[in-house]
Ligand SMILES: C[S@@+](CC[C@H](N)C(=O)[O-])C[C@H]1O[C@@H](n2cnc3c(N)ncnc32)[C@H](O)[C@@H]1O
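Here we start with a single chain on its own, the form predicted on its own, put down as structure tokens.
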């Protein structure tokens, strides 16, 4: 598939489930360590986590080592990805839901940790803010949200905001050019600036 042809989100990931682990580790700065390190941010005593956009569950390896009795709820839009989790962690306390996490209710005041890893760089500010509010509500009083994702910073770009604007503009241009449904999400990377990420989280109720 050409880079200038958008694919519907679930179709994109379902068709790449068998190569996802290899490509994900090799293409991302930090490799597998970018997944393994997430367990170290989780506070002692963590009992229940929500991992949305869980994919094949690469980050769960170290999490389960550190918290062998942890209750994990995972959500992903790709059924083929979730099959990999079943093969890898068949003996662990993992509940898996196949669906669009943007449309699901996470509940209230339940999870000790909510985790997202390399999944939110496909969405705009409005979508992210709505999701962050849901995350905030589902966390326990002392709960923690951990996000591991692409962001645009001044270390990489002279004008991160201009880069963000260009990416969102290109995404809309491709959708319009292919006459795609505006209400459907397609795979295209639209990371936000670090400053915009902070503003969105603060608006949802988090403190940094």
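Computed from a prediction, not measured in an experiment: that's the story for all the values here. Positions refer to the first chain, counted from 1.
The same protein has a further form, the form predicted together with this ligand, not shown here; the description that follows concerns it.
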Just checking whether residue 107 would be counted as a contact of this ligand in the predicted complex - the rule being heavy atoms within 4.5 angstroms. no
Wondering, does residue 138 line up within 4.5 Å of this ligand in the predicted complex on heavy atoms? no
In the predicted complex, is there a heavy atom of this ligand that lies within 4.5 Å of any heavy atom of residue 164, even though the partner is absent here? no
Quick one: is residue 123 in contact with this ligand in the predicted complex, heavy atoms, 4.5 Å cut-off? yes
Counting only non-hydrogen atoms, which stretch in 49-57, 65-73, 152-160, 171-179 is within 4.5 Å of this ligand in the predicted complex? 49-57
For the stretch 10-40, which residues lie within 4.5 Å of this ligand in the predicted complex by non-hydrogen atom distance? 13, 20, 24, 35
